[in-house]
Structures are given as C-alpha cells and as structure tokens.
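Shown below, as structure tokens, is a lone chain in the form predicted on its own; questions about how it binds or moves come after it.
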C-alpha cells in the first residue's frame, strides 16, 4: 500500500528526533515518581526483574506494533485505525481503538498535570530552603497542608497545563521536536548528577541491594499486575502517543531499532531513578514502601538533612518537572492531531479548546485531595479511580487490541513491509510475541483485575 499522506500531517526531521520524542513520551513521572514507590511497595529486586520481563516480552513488541500502525496509517490514531482496517478488509469499528487511545491520553494528562504541578511547586520550595533540617512530621505536615490547599493546587495545575499547550501549539518540529531536544539531554544530566551524589552516601550498597537482590517470596499476583500495568504506562503504550508519533516517522527509519532504543532509554531512566533515590531513603532511616508520597514526603526529609540538600533537592524537582513535561506533550498530541486533521481547526484553536477541557477534568483530581476527599468509589478517590482506570484497564486494553490487530488482522506482508526486518528469525520472533504471548499475558491481567484469577 502506498503511504497515506495528509496535507496537514508533519514528519520528524530525523530518526534521532523521533527517538528523543518517543523517549520523552515514555520517560516521565512514571519513571521518577511512580517506579521507585511501586518498587518499594512490591519488595524491590524481584519486582524489578518482573517489570523488566514485562518490558521485553510485552512492552517492546507492542511498541513496535503501535509505531508500525501509526507510520502505515500516516494519520491520527482514529483515522489510522479506520484506514488500516479498510485496507485489511476488517470491521471499521477498529477505529474505536484509536478513540480508546485518545481518551486514555486525555484522562491521564488530567491527573498527570496535577502531580506535575506539585513538582513545580517543590522546585520553589526547595530553592527557598523550606526543607532544611525539617523533621518527618514537619515535612509530612507541609505536604498534607499543600495538597489540601485547593487554591494552590488549581494554580499549579493551571500553570503546568499552560506550559504544555504552549509547546504543543507550535507543532511537530517547532514545538515537540525542539522541546525534547532540550528536555531529554537535560533530564539525563540531572539524573546522573543525582546518582553521583547517591554513590557517595553510606547507604549506596544498601540501595543497590534492595533494587537488584531479588526475593521472589515477595511477588504476588498483584505485583505482576502492577509490573505489567506500569510497563504500559511508562512506555506510553495504548494511549495513542506512540501511534501518533509513529505517524510522523519517515519511511526509511527502522521501527525495531528505534523501539529497542526507546525502551532501553526509558528503562535506564527508571533504574537510575531508583539508584538515586533508595540510597537517600535508607541513609536517612526512611521507609522505601511509603507509597505515592515517597517523592514528595520522604525525599524532602533526606534533602533537608544532607550537605548541599538545597542544590540537589532543587535539581531533583526540576528533573521531575522536565520528565513530566516531555510526557505531557505526547499525551495531548493524539487528540490535537485528530481535531486538526478531521475538523480543520488551527493548532492554536485546538490547543485552547483541548487544554481547557483537560484542565477542567483535572479539577476532579485537584479536589480529590481536599474538598472532595470524602467522595470515594470502591474505596478510591477520584485521582485513584482515574489512575486505576487508565493504568490497569484502558492501557492494557489498548495494548491487547493493538497486538490483536497487528498480529491477526494485518497481513504478514503488511507488517513485514513496515517493520523492515530483513532477518526472518527476528520477524517471526516479533510475530509470535505479538500474536500469542503478549495478548495472552495481557488477558491474564484482565482476569486478575476482574478477580477471576
């Protein structure tokens, strides 16, 4: 099939630009905020091994499939799925897979923006020396007071959404590409500086042992579910981001090589974040299983006690902000691409409309920590419900359907043509994984989520 071109559709300037953008999409709060605390909650080293297996066996094959669908369709996720379904002679309702990804990205950004706002606020707090010599009780009390202040939450949520949309409104090359060319190198430099500091703490060996010495007795069905859900979350799978980024990918770029490089960089950031964080946790006699507050309640205690804590604390929260921004621009891009291509709106008008909608939806997360804290569904507040819905249901569902479509609906000729895997053994390895292994693994997750297994 000849490439489908859309006069409104752009391309990355190079393979390197795509790798930076896709890595920026994958590297985000999931790596630096979420991965360390779920590792702490699930026992450390054994969980890391399960997570790495999920990335290799499920994440990379589905990332290749999603990129392949995006590049072959050359449109936004909804139109790409509709076009490729028609090409394969399949039901046009496959377009709803595109809508699932667009919806997941919008929902995730709505609460992602609130957490990213916390990082922005903590940059200023760290610079001002708020955490210096603070006790666990004082810093915990500060965090509690901060999230209960709905006015402050709305301000930082709004600030982050405005910054995100200012980047997205500039388009693929002038906005997304220029942003990630600055953000990604900066992120790696900041993270390496923090790892260097952690290496000089007395608890560095203890932190490494916690992360890499497995105790498989601590692994449960819930741990495996968490690892698999996080593999989808951190690689940006099933939310339309990789599909729309793939649609901007030039034809002569190897999908398999870029997928391995993106997954490798994403995993490296997650591991480096753990290596930087856990020695600080143990050096200060803190608990690694603190949960979501690990970054915002536990680490400030460490920064407040250590030499140079103001500098390194500020660097850490700047790092967290950069990681959040690189992901947020990819979360909204599928919806932006659909409105630009289908409705003919300018990017400015589209970004204002969508940005306002996501901001409004994010108020539910803002108020779930204060005014609406008592409002729960199945024991979860609004933020927890949205996080569970996206990470454990929508993203795995999207990944499952992407695997089914690429492995069962698209012909082998079509997938081989896009993947450009000259080695037949490598192609059939991908084909078996995406056709049988990945769908089976994700299906088992759903059974577990439903309480059947």
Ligand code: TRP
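Computed from a predicted model, the values in this text were never measured in an experiment. Residue numbers count along the first chain shown, from 1.
If you look for the form predicted in complex with the ligand, you will not find it shown, but the lines that follow are about it.
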Inset, instruction - May I ask you to choose, among 233, 303, 282, 322, the residue with a heavy atom within 4.5 Å of the ligand in the predicted complex? - result: 233
Inset, instruction - Would you kindly say which of 396, 59, 70, 30 lies with a heavy atom within 4.5 Å of the ligand in the predicted complex? - result: 30
Inset, instruction - Considering only heavy atoms, tell me if residue 337 and the ligand come within 4.5 Å of each other in the predicted complex. - result: no
Inset, instruction - Could you confirm whether residue 110 comes within 4.5 Å of the ligand in the predicted complex, counting heavy atoms only? - result: no
Legend entry - Partner contact for residue 327 in the predicted complex: the ligand, 4.5 angstroms, heavy atom: yes
Legend entry - residue 241: touches the ligand in the predicted complex, heavy atom cutoff 4.5 angstroms: yes
Legend entry - Interface segment, criterion being heavy atoms within 4.5 Å of the ligand in the predicted complex, picked from 369-377, 142-150, 233-241, 85-93: 233-241
